[in-house]
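Only one chain is included here, represented as structure tokens and corresponding to the form predicted alone.
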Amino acid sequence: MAFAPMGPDASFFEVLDQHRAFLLADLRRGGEESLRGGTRPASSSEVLAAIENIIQDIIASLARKEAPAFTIDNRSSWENIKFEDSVGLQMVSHRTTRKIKSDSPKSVQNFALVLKILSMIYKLVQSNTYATKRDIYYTDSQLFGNQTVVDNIINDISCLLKVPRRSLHILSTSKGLIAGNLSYIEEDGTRVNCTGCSTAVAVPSNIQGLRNLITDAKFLLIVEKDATFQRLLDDNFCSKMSPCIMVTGKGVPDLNTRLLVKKLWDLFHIPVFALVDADPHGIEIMCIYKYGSMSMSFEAHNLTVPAIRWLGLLPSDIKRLNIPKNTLIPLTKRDQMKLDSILKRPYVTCQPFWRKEMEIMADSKMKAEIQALTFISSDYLSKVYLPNKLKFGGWI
């Protein structure tokens, strides 16, 4: 193996190894498809054919003297979403739809923008070239108005064509970081070694193009916030807990960070843990990695990692560790609404320990950031909290 572990002795990882064996057994029960993970990307010819079919439908509508429209699955309603423990949130087969009409004052501009971006995608796929979402926006920033418009239309097109977004040849700009026992080769041949870096490596913008991924990591730690991630880097956490991998999406994860976590899980099936604030926002972020989101539910198979476990900060840890009350923060009205919303989601029913933790938070009406652990000692997180959790199985 390419890496020389500098971390704890083998006995430290016994519980982690048992957990991995349990995960693998669970996958085998789910069949070969679960072990492979994800759906295959659509080929260039399939994407081009799908776009051509859309255009032919428009021409047929015009020939019938009807106003053409795009029919897109409605991804803003829980009625259209089902939950499967092995996949996460995905769309039901008989779902409601919405129309983007060419003869409606409310949607005519949106219809035109979808057509414009469809033509760009067609040229990109045909020429086997790539562009970022930012590139698309700057082709006509005045027309698009803002980046969010472009982002939403690209998601709509992916859903409309029934192909994974990565097959559209449009890349997202990555904001995530990765560190630890991992090396890989990027699509252009660049060799990247994340091991031994004092600073993290940016998550690549083309996850699909990565090859020759090598790791002997015992676990993957997803860190919610960049500040916590940087603190763990400063404390040499990756070396002290070697072999391991750390990833952060710097808050709500971008698509590439989610794709990378999914790829690492599919390839290596190592335990994946989430370290988030003990607040509704942190729990929401963890749920996105684990179960996905409504807006991207049509691509759940390519993005979700239901095997993720909640390592910390648990609301029950606050009392157990005697974290000072003056470091806690009262839940805002918005926090309480978010917490109520999460508690009503379909996946909470199969996570009784998660529910219990959220009920502790709801009852106390308090939340805590990971930084609250520094009031015990400045390096408590990296030297005591995480090592103990990992060694003794302190996850749920």
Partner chain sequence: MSAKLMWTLEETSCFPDTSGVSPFQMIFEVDEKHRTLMTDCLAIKNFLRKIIMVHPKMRFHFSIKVNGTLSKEIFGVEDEPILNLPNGIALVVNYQHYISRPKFGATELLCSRIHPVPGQPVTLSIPDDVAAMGLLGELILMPAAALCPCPKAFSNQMNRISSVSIFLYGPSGLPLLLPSREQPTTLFTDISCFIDWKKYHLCVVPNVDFSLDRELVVPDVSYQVESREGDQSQNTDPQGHTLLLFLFVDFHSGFPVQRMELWGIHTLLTTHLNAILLESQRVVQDSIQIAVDQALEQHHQAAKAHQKLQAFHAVAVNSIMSVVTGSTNSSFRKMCLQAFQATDTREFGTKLHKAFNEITQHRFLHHCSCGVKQLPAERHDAAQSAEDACESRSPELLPETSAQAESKRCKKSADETRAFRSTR
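Positions refer to the first chain, counted from 1. Note that the structure is a prediction, hence the values are computed from the model and not measured.
The next section is about a form of this same protein that is not shown, the form predicted in complex with the partner chain.
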Though only this chain appears here, would D103 touch the partner chain in the predicted complex if you measure heavy atom gaps against 4.5 Å?
-> yes
Heavy atoms within 4.5 Å of the partner chain in the predicted complex: does R95 have any?
-> no
Closest heavy atom of Q56 to the partner chain in the predicted complex, within 4.5 Å or not?
-> yes
Hey, in the predicted complex, does K65 get a heavy atom within 4.5 angstroms of the partner chain?
-> yes
Candidate from I72, V252, L143, L213 lying within 4.5 Å of the partner chain in the predicted complex - any heavy atom | L143
Scan S316, Q126, T173, T139 and let me know which has any heavy atom within 4.5 Å of the partner chain in the predicted complex.
-> Q126
Mind telling me which stretch in 366-374, 353-361, 336-344, 56-64 gets its heavy atoms within 4.5 Å of the partner chain in the predicted complex?
-> 56-64
